[in-house]
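Presented below, as structure tokens, is a lone chain in the form predicted on its own.
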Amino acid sequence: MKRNPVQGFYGGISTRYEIVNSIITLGLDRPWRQRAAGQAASQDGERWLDICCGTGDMSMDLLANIGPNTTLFMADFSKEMLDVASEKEELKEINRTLADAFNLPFKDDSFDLVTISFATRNLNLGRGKLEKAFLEINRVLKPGGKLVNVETSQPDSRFVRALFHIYAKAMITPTGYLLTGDRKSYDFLTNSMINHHDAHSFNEILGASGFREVEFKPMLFGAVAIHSASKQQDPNMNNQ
């Protein structure tokens, strides 16, 4: 897999990624993920995939909700992030795959559930590319399978949105630079956050990527949203 600049960013900040996230979100990133994982756990099935899993925070929350007959898989494009995840005792035995979200190394109809946690904005290299990523996710989901995505969003209120952007610019890059010495990576993260889609337009992107039953739950006045969607059932199943 050819290495791109974003992989380099995440590779460079992997060891301090979690502590910086906790500081810049005032510790709220954990309950947001836990809520998304709890919502994801309503999906039955044998195989779950946590894509763009990073250092494994979402995977840990999924494990807390997983059933005895379900196997969790993890995938990320950064070897360094996966290496940090592998150091967690609970994740040592989990199947980890180095994978690009735009070209997943899994067969069609492989998973009952796919989750993404605070990584979708990094796939937002233009609407066409973002739709391509979610078409690929749709491909590896089984018919009737579920997607759960938790990500920063754009509040509907212009005033709240302006405050959110001011906070992001004032907090993320300075904090990241102070703790990691890497200003460029956190400039990238700040820009990806303030330029990401609002929840309504992201709904449209999921619909255009083949998903159905698309809905979202806003949090923190709309600065964060949990989206859920389903892959369309095979119509032939109704005839069996």
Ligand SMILES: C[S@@+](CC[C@H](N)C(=O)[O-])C[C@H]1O[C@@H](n2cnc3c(N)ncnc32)[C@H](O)[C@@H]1O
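For every residue, the number given is its place in the sequence shown, counted from 1. The model shown is predicted, which means the values in this text are computed figures rather than measured ones.
What comes next is about the form predicted together with the named molecule, which is not displayed.
Problem set entry | Check all three, 130, 136 and 205, heavy atom within 4.5 Å of the named molecule in the predicted complex | Not one of the three qualifies.
For this session: Flag residue 78 as yes or no: does it have a non-hydrogen atom within 4.5 angstroms of any non-hydrogen atom of the named molecule in the predicted complex?
Result: Although the named molecule is absent here, residue 78 would touch it in the predicted complex, with heavy atoms inside 4.5 Å.
Problem set entry | Contact test in the predicted complex: residue 21 vs the named molecule, heavy atoms, 4.5 Å | Looking in the predicted complex, residue contacts with the named molecule include residue 21, since a heavy atom lies within 4.5 Å.
Problem set entry | Partner proximity in the predicted complex: residue 73 to the named molecule, non-hydrogen atom cutoff 4.5 Å | Heavy-atom contact with the named molecule at 4.5 Å: absent for residue 73.
For this session: Flag residue 216 as yes or no: does it have a non-hydrogen atom within 4.5 angstroms of any non-hydrogen atom of the named molecule in the predicted complex?
Result: Heavy-atom contact with the named molecule at 4.5 Å: absent for residue 216.
For this session: Answer with one of 123, 168, 140, 94: the residue that has a non-hydrogen atom within 4.5 Å of the named molecule in the predicted complex.
Result: Looking at the other structure, the residue within range turns out to be 123.
Exercise. Heavy atoms within 4.5 Å of the named molecule in the predicted complex: which of the stretches 176-184, 46-54, 208-216, 195-203 has them?
Worked result: Heavy atoms within 4.5 Å of the named molecule in the predicted complex occur in 46-54.
For this session: Let me know which residues along 90-122 have a heavy atom within 4.5 Å of the named molecule in the predicted complex, or say none if there are none.
Result: In sequence order, 99, 100, 101, 102, 117, 118, 119, 122 come within 4.5 Å of the partner.
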